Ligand code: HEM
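Below you will find one chain, with nothing else, as structure tokens; this is the form predicted alone, and questions on how it binds or moves follow later.
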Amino acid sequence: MLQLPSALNDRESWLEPFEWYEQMRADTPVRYDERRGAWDVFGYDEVKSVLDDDERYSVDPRNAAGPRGDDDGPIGGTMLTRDPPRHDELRSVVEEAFRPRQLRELEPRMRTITNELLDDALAEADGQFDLVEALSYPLPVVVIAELLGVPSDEREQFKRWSDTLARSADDTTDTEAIVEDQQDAGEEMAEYFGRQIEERRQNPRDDLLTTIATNEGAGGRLSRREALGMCTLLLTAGNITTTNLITNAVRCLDTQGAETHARLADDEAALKSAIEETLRYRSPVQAILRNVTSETNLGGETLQPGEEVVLWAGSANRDDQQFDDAGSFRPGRSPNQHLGFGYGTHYCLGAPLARLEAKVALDVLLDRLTGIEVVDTELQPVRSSFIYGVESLPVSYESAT
């Protein structure tokens, strides 16, 4: 399990880790943390170079030394934990469904869902509502559930599973208890998707579960474990990243004025640019894990086979050597070669889906509401060592249509 560094254990530091990142880039851009038994990498060039090197850095947990060197876990054997060429073979099973041209056909349905969710929120609101509860979470989970072909009305169960799998340990938590909860969640998801796959064998549909079911078993491209892992990965990754992208975007736009909000509501290109800047400035994925496969030098340090490397993409995206005025949110920033969705072979499969969902959600919000502001409250960070966001985000507004 990937643990948070001690410097990020408290609420305030994980809400705003960027000052610590800056210090690390200046003092120890590549450093070994004895407590966690891992290398931390903070600079843009170093992070990007590792992401682009599949020969010396592996995503496969079986290449890790010690207790991490196993294949346990609900997403074991997926494209997330396999190197090329197996990664490419696994990804090819579902890749077509996530191509931008395919996803464009879903935009009207996404807009309908977003408006319905906002209608429900405003019907119960008295000038404010929780963005995460009302929109940021339900929109992406309904979309990925419909793509998979599972009932979206079970989304509270999906959220519980997703939150459990994303949770990480810190100095104040019981690591063994978290691992046990994750194993239980994984078993529940395997049982759930096992039933769904068997049902698709009997009654094929036009959904991703049918695609996965028809590629599983003798003569197929997926083993049973890989099929179940694929379902789990798509459901969890398909909602966690986008939930926090939408939420983080509203946090970022809270620092801008009404004039900027109005401009983004009327200019699709400007809105897309603001989403890219959110991915840089408050990236939903702050850390990415790799395992060293052969002795190598990185940033003047010698890394050994089996050692764990934590790539702090959230720090790389604030590197002044790569981005002018990196500590400022500039919605029109160009160029913007951020690493918010990774880089190289393992660039996020769902990036086009997340971008589209964020665009639709923000477009509807800015079109229907004015005076959107984050309510002054004590925000609580998502307790994960790689996912960055807040558990809730109360927002107020002045008018609605």
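This one's a predicted model, so the numbers in the text were calculated from it and none came from an experiment. So that there is no doubt, residue numbering starts at 1 and follows the sequence shown.
Separately, the form predicted together with this ligand exists; it is not shown, and the next lines address it.
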### Message
Suppose contact means a heavy atom within 4.5 Å; in the model of the complex, does that hold for all of A7, F18 and R251 with this ligand?
### Response
no
### Task
Just give me the single entry in I288, A227, M110, L264 that has a non-hydrogen atom within 4.5 angstroms of this ligand in the model of the complex.
I288
### Summary
Checking L233, A213, V309, V132 against this ligand in the model of the complex, the residue with a non-hydrogen atom inside 4.5 angstroms turns out to be L233
### Query
Okay, which stretch from 213-221, 233-241, 150-158, 294-302 lines this ligand in the model of the complex, with non-hydrogen atoms inside 4.5 Å?
233-241
### Task
Verify the contact flag for L349: yes if a non-hydrogen atom of it lies within 4.5 Å of a non-hydrogen atom of this ligand in the model of the complex, no if not.
yes
### Query
Heavy atom to heavy atom, is A316 within 4.5 Å of this ligand in the model of the complex?
no
### Query
Counting only non-hydrogen atoms and a 4.5 angstroms cut-off, does G340 reach this ligand in the model of the complex?
yes
### Query
Would T345 count as a contact of this ligand in the model of the complex, using a 4.5 angstroms cut-off between non-hydrogen atoms?
yes
#### Entry: Residues within 4.5 Å of this ligand in the model of the complex, restricted to 128-157 and counted by heavy atom
I144
